Structure formats: structure tokens, C-alpha cells
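Here we start with a single chain on its own, the form predicted alone, put down as C-alpha cells.
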Amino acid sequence: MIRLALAAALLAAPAAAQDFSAMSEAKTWNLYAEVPARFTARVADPVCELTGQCAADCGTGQRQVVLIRDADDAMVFPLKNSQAAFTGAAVELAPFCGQTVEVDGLLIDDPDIGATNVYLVQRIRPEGGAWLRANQWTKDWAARNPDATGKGPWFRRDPRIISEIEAEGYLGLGEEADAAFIADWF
């Protein structure tokens, strides 16, 4: 019960109370309510933080990770890395599980749209280290899919996505539903 109360307090901590934009070099994505934010935080497993059910190495890439911000102990949710295809925040941060890092990116905190401490990490700096660009996800994907070469974004070449479209159609409702949708909209 105490952990749940602590978690609720962490989630409720207002990011607007402090200005994390100083020193930030984050590039805008022109997203609603985005604000540049640079801060230090501990990389953590949210399941462990909220329930006490901890996995080794934050779940070894099988769990999302969070940032516990040093300034106010707020739980910040990194949902995206620095790449356009909303991917990879967990891949970027998982190697730093349990460590304190400095991050630079965009923070979205707007209760009107239901976003609390949503973070788009663009750079990571381990203690005493140099800044690292948060763009590892696509490199990892390319290494896992050496036969998926060609032009265009990765998701148009991903074998898993191609297989799902072939089996279920673009809408997940089958070829007939796709054909009706395409005829109606395009």
C-alpha cells in the first residue's frame, strides 16, 4: 500500500514546478505541449518501482523503463527516442538500468490531453561520460533484419509487419475490408 501511495505521489509531481529547459539542446518536433527538458535521473523498471516485483537488469529489454528524476523524484515516461518513427526509448535507456544519467529531450506534460511526464529522449549522458544520440533502435532493427534492405522507412520492410498485413490486411479486418476502405477514402 505504501508503494502505491508513493507511486501516486511520483506520478502526481508537477513537472511545471521546475524549469528543465535551461541548457537543453533538444530539437523541436512541433508536438502539442512539448517543452525542451534536460535533467538527471535514475533509469528504472516501472514494474519494480510500482509493485516491488523487480526483474534483473530492468527486464533485460522485455519491459519499458522509466526515469526517476533527481530534482523531484517524478516518474518520467520515455516513450520515444530521437528518430521520427516513434520507436526505441526503452532500447536507448535499458543499458543504463539502475544508473544515473543526464537526458535531453522533449517533455510533454499537459493534463488537458492526459499526458503526464511523457518524454521523448534525444540524448543520454552517463555519469562522467559523453553525450550519446538516442538513435540506436534503427541500428538494432537493421542488425536483426539483414535481409530487409531497400529504400523507405523500416516499417515498410519489416518482415513481421509484412506478415501481419498479408494475414490480416492493413486494417486487421481482411482484404475485403481493406478494399472497401481504400475505395471509399482514396
Partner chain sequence: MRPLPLVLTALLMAPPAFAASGERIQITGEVIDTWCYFSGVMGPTDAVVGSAHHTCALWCSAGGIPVGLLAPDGTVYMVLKMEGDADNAGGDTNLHIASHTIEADGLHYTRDGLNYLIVETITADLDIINQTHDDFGVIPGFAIPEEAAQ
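Positions refer to the first chain, counted from 1. Rigid core here is just the name for the largest C-alpha set that superposes within 1.5 Å across the two forms. Note that this is a predicted model, so its numbers are computed, not measured.
FYI, the form predicted in complex with the partner chain isn't displayed, but the following is about it.
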Quick one: of Ala148, Leu132, Ile68, Val35, which gets a non-hydrogen atom within 4.5 angstroms of the partner chain in the predicted bound form? Ile68
Classify Glu175 as contacting or not contacting the partner chain in the predicted bound form by the rule of any non-hydrogen atom within 4.5 angstroms, answering yes or no. no
Answer with yes or no whether Arg156 is in contact with the partner chain in the predicted bound form, where contact means some heavy atom within 4.5 Å. yes
Verify the contact flag for Ala22: yes if a non-hydrogen atom of it lies within 4.5 Å of a non-hydrogen atom of the partner chain in the predicted bound form, no if not. no
In the predicted bound form, Ala142 touching the partner chain (heavy atom, 4.5 Å): no
Those residues of 164 to 186 which, in the predicted bound form, come within 4.5 Å of the partner chain by heavy atom: Glu164, Ile165, Gly169, Tyr170, Leu171, Gly172, Leu173, Phe181, Ile182, Trp185, Phe186
C-alpha of Gly52 moved at least 2 Å between this form and the one not shown on rigid core: no
Hey, does Gly152 budge by 2 Å or more at the Cα between this form and the one not shown once the core is superposed? yes
